[in-house]
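Just the one chain here, the form predicted alone, laid out as structure tokens.
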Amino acid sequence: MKSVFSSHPDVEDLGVAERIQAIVGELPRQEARVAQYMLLNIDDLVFQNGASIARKAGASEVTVSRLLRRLGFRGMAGLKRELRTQRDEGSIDMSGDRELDKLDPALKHALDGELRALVSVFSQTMDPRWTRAVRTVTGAQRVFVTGFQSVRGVAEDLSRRLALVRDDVRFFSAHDGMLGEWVGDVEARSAKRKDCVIIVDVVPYAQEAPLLARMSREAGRQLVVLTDELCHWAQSHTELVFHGPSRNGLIIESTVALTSLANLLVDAVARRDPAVAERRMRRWHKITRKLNVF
């Protein structure tokens, strides 16, 4: 049987994340789900076992074992040995900053986590899916943005910023507004410019998000999801899923990376048609001056 690494002869020299990334596009759907979870939770895998990974990724233990074999590891023990070696060698060096040297060790750890999360977020903008997401948001006839519980504020902020650079952006809450925004003749709207829904979600509040995602797809609306590293449901509804890692050792998960994803999306939409964005910004400044807002 042909080795899955036959097209990647140097895979044994790659780190864990690089090994996964080298084959993720070739994996069966369930293994790809586990691989995505592992990529987004590299730092936590040393504290987990096959059962916990399977449960959190929404797959079976057999699927986890099969993926580990594909990656060249002898079970979780082999994976953990490699991860510990990488962790010892790969910490972000902040020793040159004297002020940071004074930080509490727990805060240094949190800062390291935030920096890694931001690197992950910016790296995702090089993925072809990011270009497709930007094209989708830019070309949509209307854009609906929603978020729940602790990240509702992130979603509202995204909708307001996005409304400055393109027309017809609305924040909606299924419970507050009863989805009145979605009532209308769907067939009468342009077939070429479908509506787009952006869902901002984190796993503790994911019960409502998958329902809205399914409703969006059933109505023919395009879907983009900005979420955290634990999300396992979104890829069942759209390939346009982007992750902002949230766990950095603080008591409550961080929204820094998720907010950065939102900011990058607004910037990318504006840059796709800068003339439109600039005209809108000029009009916005005139309006705010008349109101003496600023």
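Residue numbers here begin at 1 and follow the sequence given. Being a predicted model, the structure only gives us computed values, none of them experimental. Under this definition, the rigid core comprises the largest set of C-alpha atoms superposing within 1.5 Å between the forms.
Although it is not shown, the form predicted together with the DNA is what the next lines describe.
In the predicted complex, the DNA sits within 4.5 Å of a heavy atom of residue 65. Using a 4.5 angstroms limit between non-hydrogen atoms, residue 39 is distant from the DNA in the predicted complex.
Residue contact with the DNA in the predicted complex: residue 75 places a heavy atom within 4.5 Å of it. Taking non-hydrogen atoms only, residue 236 never approaches the DNA to within 4.5 angstroms in the predicted complex. Proximity to the DNA in the predicted complex, taken as heavy atoms within 4.5 Å, picks out 24-32 from the listed stretches 24-32, 222-230, 265-273, 244-252.
Along 29-63, a non-hydrogen atom within 4.5 Å of the DNA in the predicted complex is carried by 29, 30, 31, 49, 50, 51, 59, 60, 61, 62, 63, in order along the sequence.
Shown in the overlay between the shown form and the other one, fitted on the rigid core, is a CA shift at residue 217 smaller than 2 Å. Put the two forms on the same core and the Cα of residue 256 is off by less than 2 Å between the shown form and the other one. After superposition on the rigid core, the Cα atom of residue 158 is displaced by less than 2 Å between the shown form and the other one. If you compare C-alpha positions, residue 81 and residue 108 are 3 angstroms or more farther apart in the predicted complex than in the form on display.
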